[in-house]
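Single chain ahead, written as structure tokens, the form predicted on its own.
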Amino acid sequence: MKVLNFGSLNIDYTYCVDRFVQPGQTKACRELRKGAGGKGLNQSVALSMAGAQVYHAGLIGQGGAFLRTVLSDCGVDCGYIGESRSQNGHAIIQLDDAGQNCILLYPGTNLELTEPYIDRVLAHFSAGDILLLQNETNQIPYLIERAAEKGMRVALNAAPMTDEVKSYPLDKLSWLIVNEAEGAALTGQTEAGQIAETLAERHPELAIVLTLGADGVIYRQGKLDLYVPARRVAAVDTTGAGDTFTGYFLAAVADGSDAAYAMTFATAAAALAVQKPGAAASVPALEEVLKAL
């Protein structure tokens, strides 16, 4: 089974600080790291590391040629990646001593997807294949509609959250993956259980995957209600942990695993990811995850 990730491709600039910079404050950082990132790229790496047959589609711009190499070296098929003369998407990341991050995104080429390009790529995929999307590119509603018409199963990681997500054709998804803040924005609820219940009531055929960071993950689909706790580890860098979870979860599902195992598998991978710095660079190998399990 093939997984197509129509996702963002970013250059990550990570600035290591003791605490996040405050309004009106100027401060020096201890270290600057440049690496590959973007939720799309990170999730393709995680999918491939977890053993999935994954194809990445998206646009690379100025300064981003090395991103293709990163994906290829991780086993991702890059044959559908296009090129643009525009500035590549990038992220400015502050990473503090507690391992927490705050991120400023410049979309760049990630917002240059066109309908003809999408149609050319989707022509190579068929019913039963999986399409993975994040909210860091344009054309999300069109991608969902076209993939659903082909009978593909669509997963949306609705991050970063915007008001536009509420107007997306969510009922045509197979999986909606959100964290607690994103789920709260979609539902108006603040408690995790209420968020999951509200989303499940609104979209009864849709599998809701609600990630709660250190508090674990909730899965709701119809009457199926599952919870898997997070593993207790010392976090070094939480950047990309959610992307690692998403990639490993979908890889397990694509391989025929049930939701309970997929969540346990993905949670173990995310716990390993937060113990290493970086985004794509922190995604663990399958052997590490299986050993942790």
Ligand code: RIB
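All residue numbers refer to positions in the sequence shown, first residue = 1. The structure presented is a predicted model; accordingly, all values stated were derived computationally and were not measured.
This next part talks about the form predicted in complex with this ligand, which is not shown.
- None of the heavy atoms of residue 58 is located within 4.5 Å of this ligand in the predicted bound form.
- In the predicted bound form, residue 103 approaches this ligand with a heavy atom inside 4.5 Å.
- When contacts are judged by a 4.5 Å heavy atom cut-off, residue 129 does not count as touching this ligand in the predicted bound form.
- With a 4.5 Å cutoff on heavy atoms, residue 246 does not count as touching this ligand in the predicted bound form; it lies far away.
- Contact annotation: this ligand lies within 4.5 Å of heavy atoms from the stretch 30 to 38 in the predicted bound form, the single such stretch among 225 to 233, 58 to 66, 30 to 38, 258 to 266.
- For the residues 154, 121, 91, 143, the 4.5 Å heavy atom test against this ligand in the predicted bound form is passed only by 91.
- Contact check at 4.5 Å (heavy atoms) against this ligand in the predicted bound form: none of 7, 77 and 133 pass.
- Taking this ligand as it sits in the predicted bound form, the stretch 251 to 270 never comes within 4.5 angstroms of it through any non-hydrogen atom.
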